[in-house]
Every structure is written in C-alpha cells, then in structure tokens.
Ligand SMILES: Nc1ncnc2c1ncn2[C@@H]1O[C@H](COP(=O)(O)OP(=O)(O)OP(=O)(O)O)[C@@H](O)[C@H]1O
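Consider the single chain below, provided in structure tokens and representing the form predicted on its own.
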Amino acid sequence: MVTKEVLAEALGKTLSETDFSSGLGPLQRGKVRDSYVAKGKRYIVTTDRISAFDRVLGTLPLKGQVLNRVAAFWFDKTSSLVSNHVLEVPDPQVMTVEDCEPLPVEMVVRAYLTGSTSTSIWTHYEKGVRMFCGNVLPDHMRKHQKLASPILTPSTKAEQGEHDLSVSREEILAMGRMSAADFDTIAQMSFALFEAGQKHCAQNGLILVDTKYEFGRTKDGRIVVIDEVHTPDSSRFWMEGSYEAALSGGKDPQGLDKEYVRTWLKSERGFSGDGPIPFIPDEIKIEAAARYIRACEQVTGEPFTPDLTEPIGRIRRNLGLG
C-alpha cells in the first residue's frame, strides 16, 4: 500500500520535464508526455504533469509511473484484439514504441451522460443539445445516467493551450482530415477496445465510463492504437458500488481519475480552463495521486510499487544514456 507519507515524499521528486535530446534526438513535448525519435524507435517519457481543460496544471506525485504501468497493462491485454505500437517498457516512466504517424482525430467513446468540460456530453445536453457528434440523445435524462449503448464522439486534436472540438464522422470527413475507410477502421477498433475495457473493469469493481483513443500509422502502413489505453488520464472510472446510490441521490459517483482535480478547480477556484492557473495545494495533489494509484491497483489486480529514486538519473541509466 502506498501511504500518504510516501506520496508526500514523492511530491519533492516529481518529473515535470525532460531533455534527453543529446542522446535521443529532438524533444517533442505534449501535455503529459515527452517523446524522442532515435534509430527508428520512439521513446515516450510519461512525466508527472497533469492537464485538464486543455491546460497543463503542474505535477502529481508518481502520476507518470501509474500511467505508464496502466497503459502497459492494457496494451498487453488487448494486443490480440487491436495492434499497438509498444516494443518494450525499459523504465517505470518510459515506453519504447514503433514510430508512427498519428492520425489527426481522437476517438472518444462514451457510455454515460456525464462530464464537466466544454466538450463533455453533459455540458452540451444541459444546454438543450440533443444531437451530439451525430448521436441522437433522448429527452429527460439525468446527469451520470447510462446511455442505451456506447456512442462515438470524435474530437479534433488542438494545439497545446487550445480547446479540442467534439465533432461528428461527417464533419471529420468534410474537413478532409482522414478517409472514410480509415475513420471506420479506427471506430471499429475503438468500440472493440471499449467493450473489452468495460468487461475487465466490471470484474474488478469499476465502471469504465468513457475514454479516448489515439491511433497512428506505422511505417509499413498498419493502423495501430498509440499513446495510452484506459488510464486514469484518458478514461473516467467510477466505483461500481457507489454508482446507483449516487445516481438516485443526485450526487457524483466516486471517481478514480483526474475528474477529482477538474471538479476541485471548478468548485473551489472557479477555474475551467481560462485565465491564470490556480495554485493546487499539496493535500489535493496527494488525494488525486492516491486515486490514480487505486485505479491502477484495481485495474491490474496487483499492488502498485513506486520507484522513489531520482527520475532523470534513473531514466538515463535505464536507457543507457550514461
């Protein structure tokens, strides 16, 4: 068990950014991951940065290790279902993968009417929207209510600091972002991954509420799932045992994902993405990290064992960078 004392210690050892360009080539920095391409491979470093509302907010202790562990678990578990880009996991925060050309759309699968961001299905529904990304939504639904079946709500990939846009299949094709054949291929992959994720999570006391997938094309033309699968960053998890009581009582189900941070920012600081980023107290960071770890343990069925060594030096050693 990772105690709050351990998490407090890890607060001083978070990995906020990297620069291994002298050994691995030019740095490509995303919201959470830093990546490098060398010798035909991509090295993805999952930092401890946390993003929400399309903004980088700071770091959470051990977050990168949790995300890398959960992503590696799911990539392995679903590899016979959908091909992925993973080659090896040489460090708790590093994944070595095939270098792929990312497809320019995120595939978001939703099974419940929920969310708090500007792109969330609940935000639109509450404003009266009944056609969301090409999906017809019935009247008289409640927040957090389960949809009749999972739906696909694609999203554009915005530049860092900009907001993603939820769009339909027809809008994506009209933009010329990808072919109909490619879109339909990754849609099928997305639903297959989501169904597998829901079944596994249900066996472990969790509800996989919604998630996003990213896909890329390999050098030999194959489409594979990339980045991450069913992590507490890319997915929303609820504790199954809390759901019915929360729904009937008009409360939020107990979550094990970054929605905790989003909710705190909106309710306590009035922040939803615009303006200066508020200071996040250590106790909020520790609680958020504890939820990430609990999700990791419930998903994998194994205790999470953190590595508390200094991360930059550890990664250099594990990648043979000297």
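Not measured: the values here are computed from a predicted model. In case it trips you up, residue 1 is the first one in the sequence shown, and so on.
Keep in mind the form predicted in complex with the ligand is missing from the figure; the text below concerns it.
- Think of it this way: in the model of the complex, the ligand has a heavy atom of just one of Arg33, Arg262, Arg291, Arg69 within 4.5 Å, and the residue is Arg33.
- With the partner removed from view, the residue among Glu98, Asp252, Glu195, Asp182 that has a non-hydrogen atom within 4.5 Å of the ligand in the model of the complex turns out to be Glu98.
- For the ligand in the model of the complex, the listed stretch (212-220, 174-182, 109-117, 187-195) containing residues with heavy atoms inside 4.5 Å is 212-220.
- In the model of the complex, Ser272 stays away from the ligand, with no heavy atom inside 4.5 Å.
- At a distance threshold of 4.5 angstroms between non-hydrogen atoms, Gly241 is out of contact with the ligand in the model of the complex.
- Contact check for Gly205: every heavy atom lies farther than 4.5 Å from the ligand in the model of the complex.
- Under a 4.5 angstroms non-hydrogen atom cutoff, the ligand in the model of the complex lacks Lys146 among its neighbouring residues.
- Residues from 42-67 that approach the ligand in the model of the complex with a non-hydrogen atom closer than or equal to 4.5 Å are Arg42, Ile44, Ser51, in the order they occur in the chain.
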